[in-house]
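Heads up, the chain below is alone and in the form predicted on its own; it's given as C-alpha cells.
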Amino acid sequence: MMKWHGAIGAAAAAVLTISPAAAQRGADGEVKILYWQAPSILNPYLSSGVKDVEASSVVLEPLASYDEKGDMVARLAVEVPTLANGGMAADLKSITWKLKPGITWSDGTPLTAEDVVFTAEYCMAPGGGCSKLSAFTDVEKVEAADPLTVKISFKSAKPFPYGPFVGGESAILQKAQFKDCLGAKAAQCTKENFAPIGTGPFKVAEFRANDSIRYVANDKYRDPAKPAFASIYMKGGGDPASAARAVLETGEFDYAWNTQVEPEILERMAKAGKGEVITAFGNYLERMHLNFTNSRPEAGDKRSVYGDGSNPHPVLKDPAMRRALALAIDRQLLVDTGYGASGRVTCNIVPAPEVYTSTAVDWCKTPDIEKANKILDEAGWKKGSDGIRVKDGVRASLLYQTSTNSVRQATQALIKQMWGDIGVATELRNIAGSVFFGADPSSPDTSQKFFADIEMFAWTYVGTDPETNLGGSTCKEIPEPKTNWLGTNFSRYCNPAYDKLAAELAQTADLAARAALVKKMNDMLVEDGVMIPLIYRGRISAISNKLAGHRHNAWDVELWNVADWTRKK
C-alpha cells in the first residue's frame, strides 16, 4: 500500500491518546469560548459553515480524526483500517471499521454499528441536501456485520477510503434520535438539529441559534476522568477584534476562534500578557467564488439557479472577464496589509501539502493591470464615458459580498480599487458571519444561496488528501432549491471533463499519479475562473495563558481534543 502523505504514517492504527493532566471530571469549572461567527445549527451535515461543524464537534464524534500533525487517529473506532491490519480489502473495494466496545450515547444507550449505517443513509438520502455528500462519493452500501463492525463497500476500487466518518465534518448521528429526519424532513427536525445526542465529552444544555451555547460534561463519556471542565460556555457574535481582545487583554474568555485581525493589532493586544496568538498552517484558503449563473433580481425564480445550464451570468460568462479580474489583484498587498506572517500568496485551490501544489498557475502571483486591460479590450469590453466597460449592452458591474470582518472589508476595498483600474465597477456588501455561513434555506444572505456576483470567504477541509475538497466542485454539488441550497459547488460550475477527472482521482492509488490529477483539477478550476485563490491562511486563534492541553489543529476541527483541555493550577 502507498504511504499517504500526512494522513497515515506510523500512527495509522493509533488510538487517540489523551494526556493524564485531568484527574477528575468537571474539576476545573467552566471554560469560555468565543466563536464570533455564531453557530446557527449543531448538525454538521446541514451546514457548509465551519463554525457549525466546530460547535457540533464537542458533542458528535467521527470514527477517526486528524491530529495536529495531519495524522489519522482512531476515535470511536478501535483502530484506523489499513491493508496492513486487514481493515481494507485487497481489491480496495471495501473497508471495515471496528467500534470500541462499551461506548454509549449521552442518554446511556449503546453506540452500535447501526448508528453508523444510519448516518450514511441520512447523508445519502435523496432530497436531504447533505452538505458533506462528497465524503460519500462512490459508496455502494454501508452495512453492519455485527453490533460493533461496519463494512463500507464502494462501487469500484477506492485507494483513499477515508471520506465517510473521518474528521469532524463526518460525525456519527444517533439513529434513534434522527430516524424520522431523512431526506426532505432533515431541515425540519429543529429539536434534533439544535440538541443532538452524542458520544463526545460534552452534551448540549442550552442552544440559542446565532447567539450562544451552553454545554455540560457528558456523564456517560468513556473516560471517567474527563472532561476536566464541568461546562463550556460558547458565545457567538461580535467581531474578530473584540473576540481576540476578550482573551488577550481582558481575560474574560479562555479561547477565541479565527481571530482574523490585522497583525499589528493582535501584537499590541498580546502585550497585555493574558494570552497568546497561535497559528497553524493546514489547507485554509481565502478565495473568491465567481457566480456562473444569473444572480440578478430580474432572474426571478431562476436567480443563482443552475438548472439545465441555460441561465448564465451576464458578465462573468465571459472567460476574458474572469481572467482579467484574477490578473488585476495584487495578492502580496493583501497579505501585507491584512495577514502578515499568518498569510501567504497562493494561486492554488489546493495550497497544501506540497506534493499536491501546482506551479502551472503561478501567473496569478504577479498582478498585471496592463495585461488585464488588454484582455478586456480584445474581448470587446469597451470603456464608457464613466470609465466602466460595456459589452453587448451589459455593463461590467459586480456585487461582491463577504462576511463582516475588518480584514475582509479592507480586502474588499483594495480589490474594488484594483478592479476599477480595469474598468469594472464593484458594489461591496458584507453580511454577519452567523448569517452568511448559516444554514437557513429561507435566508437570501447565505453563501450557498449566493445572491451576488462574487463572494469571498476562507475554505478548509479535514485531513491532507484533497479528493473530497475537489469533489465539491462537481456538478452534483451545485446548491439549488431542491437541495435546500446545500452543496459545496458555490460557483455553479458544471463541467463533465472536470467530473471525469474527479471520478478518476477516486480510483487512483499511486501517489505520483494522484498528485498529477489533483494538480490538473486545481489548474482547471483556476484557469476556468471558477474561483480566484487569494491567500493561503494559517488558522489563527487566541488562547488564555491559563488554559492547558490544547493542541492547535489546522487539519480538522480546532476543538478536536477539547476533552483534554484543563485549567492551569
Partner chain sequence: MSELDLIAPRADEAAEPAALDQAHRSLWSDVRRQFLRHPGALVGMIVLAAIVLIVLAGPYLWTVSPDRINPRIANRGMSLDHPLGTDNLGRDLFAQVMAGGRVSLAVGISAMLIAVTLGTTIGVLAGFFRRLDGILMRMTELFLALPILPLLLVIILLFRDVLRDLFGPSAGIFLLIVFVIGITSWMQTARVVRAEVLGVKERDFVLAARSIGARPYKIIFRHILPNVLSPIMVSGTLGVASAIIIESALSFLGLGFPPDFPTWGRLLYDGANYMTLNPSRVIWPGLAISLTVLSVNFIGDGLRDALDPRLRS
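Everything numeric here is computed off the predicted structure, so don't read it as measured data. Residue numbers count along the first chain shown, from 1.
The next section is about a form of this same protein that is not shown, the form predicted in complex with its partner chain.
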{"query": "Position in contact with its partner chain when the complex is considered in the predicted complex, options 108, 297, 224, 496, heavy atoms within 4.5 Å", "finding": "297"}
{"query": "Interface residue in the predicted complex among 318, 71, 480, 445, criterion: non-hydrogen atom within 4.5 angstroms of its partner chain", "finding": "445"}
{"query": "Proximity to its partner chain in the predicted complex (heavy atom, within 4.5 Å), stretch among 210 to 218, 329 to 337, 165 to 173, 463 to 471", "finding": "329 to 337"}
{"query": "Full three-residue contact with its partner chain in the predicted complex, heavy atom 4.5 Å, for 268, 416 and 428", "finding": "yes"}
{"query": "4.5 Å heavy atom contact, residue 264 to its partner chain in the predicted complex", "finding": "yes"}
{"query": "Contact test in the predicted complex: residue 404 vs its partner chain, heavy atoms, 4.5 Å", "finding": "yes"}
{"query": "Non-hydrogen atom contact residue 303 with its partner chain in the predicted complex at 4.5 angstroms", "finding": "yes"}
{"query": "Its partner chain contact in the predicted complex: residue 409, any heavy atom under 4.5 Å", "finding": "yes"}
